[in-house]
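Here you get one chain, nothing else, as C-alpha cells; it is the form predicted on its own.
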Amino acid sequence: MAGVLTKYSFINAKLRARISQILPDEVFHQLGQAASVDAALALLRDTPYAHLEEVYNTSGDLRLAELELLKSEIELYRNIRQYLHESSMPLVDTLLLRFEIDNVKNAIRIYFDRKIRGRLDESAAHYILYEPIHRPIPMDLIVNAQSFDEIAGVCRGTPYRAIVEKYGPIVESDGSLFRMEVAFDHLYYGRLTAAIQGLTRDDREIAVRLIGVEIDLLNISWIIRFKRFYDLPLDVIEAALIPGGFHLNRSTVEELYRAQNVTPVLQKFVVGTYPGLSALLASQASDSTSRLTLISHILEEIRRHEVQRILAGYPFTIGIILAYFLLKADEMKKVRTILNAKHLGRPLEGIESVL
C-alpha cells in the first residue's frame, strides 16, 4: 500500500486540482451562443486557451489556431510526465506516440494528394508539426518526398519505415491510404497494449478497461464509417479492427455491419453494457445524418461514464492520470468544435448537438 501511495498521492492531488479547473458546461453554452469566432475567442481570454485569439487575430487562419491547440495537448502530456513515478512514464510516452503517428499520417496524406492524386494544396504543409514529438523526424522531407521509398528512408530508425515499405506499393495500386493508415493505428494500439502489460496488476486492470473502451468506441466508429462510406466487405473490416476491445464482440460487430440502421444495434449494446445510459436512447433520429450525430453522442457519453467511474473509485491508481488526459482531450475537442462551427456559421442547434 505504501508503494501505491508513494506513486500516486502527489499526482492524484495535483490532477484532481487541475480537473476542478476544467471548463464547465456553462462556458461551452456561452461559447455556443457567441455571435462569431472572434466573440467566442474573446470569451476564452481568461482560460488556458487565451493564446488562440492572438494566433487567429495575427494570421486570420483558424487552422493555425487549431494547430496551437494540438501543441497545447502534446505539452500537457510532457508536463504531467515530469511529475510521475518512473513506472508510469512508459505508458504516458506511448500515449504521446499517438500524436507523432497522427503527424506522420498527415504528412503522408499531403504527399499522397500531391504525388498520387495530383492535387496540389500548398497551404496543407502549414498545418504539420515540424518540431519533434517523440523522436526527430524531418517532416518536411516526407511532405516533399517524390516516392514512398524516399519516405521510408526518412523514417529510417523508426517503426514507421516497415509500414511505409510494406504498404507503399499497396497505396499506389489501390489509390487509397486506407490499409497504410490502419497499419499505423495497429502499431499505436499494439505499443499501448504492451505498455499496459508493464503495469502492476491493479493498474493494468484499470488501463485495460479504459483503453479497451476507447478501442470499442473506435471500432464501432470504423464499422459504421467503413460500411457507409467505403462499402467494404465484412472480412476486410474485421481485419482492420483494433484488437483489445473491452465489450465489443464478434456478434455485435456482425450485427452492426449487416444492419440497415445501426442505431437499434447500438442501443442494444448500450442497454446490455451501460444500463445507466439508457436515457440517451430516448432520443430519436429520423435521417442518416441525425443518426450519426446521435451515435457519436452515445459513444462520447460511454467514454464520459467510464471516466466518472474511475474518478469515483480508489484514487491511488493509474486511472487518475488516464482520466485527466481524457477529460482534457474532451475539453479541447469542444473548443475546437465550437470555433470551427462559428467559423462555418453553423446554427446554435447544430453546435449543441455535438457538445
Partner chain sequence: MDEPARRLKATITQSVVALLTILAIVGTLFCSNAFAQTAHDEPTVQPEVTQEMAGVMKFGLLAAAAAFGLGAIGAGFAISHVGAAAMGAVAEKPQIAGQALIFVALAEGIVVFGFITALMILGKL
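Keep in mind that what you see is a predicted model, and the values were worked out from it rather than measured. Residue numbers count along the first chain shown, from 1.
One more form of this protein should be noted, the form predicted in complex with the partner chain, which is absent from this view; the next part is about it.
> How about residue 344 - does it come within 4.5 Å of the partner chain in the predicted complex, if we only consider non-hydrogen atoms?
It does not: once the partner chain is placed as it appears in the predicted complex, residue 344 has no heavy atom within 4.5 Å of it.
> Is residue 333 close enough to the partner chain in the predicted complex to count, meaning some heavy atom within 4.5 Å?
Output for residue 333 is no: heavy atoms all beyond 4.5 Å of the partner chain.
> Judged by heavy atoms and a 4.5 Å cut-off, are 158, 194 and 197 together in contact with the partner chain in the predicted complex?
Answer is no for this spot.
> Give, in sequence order, every residue of 11-30 that has a heavy atom within 4.5 Å of the partner chain in the predicted complex, or say none if there are no such residues.
The stretch touches the partner through 13, 14, 17, 18, 20, 21.
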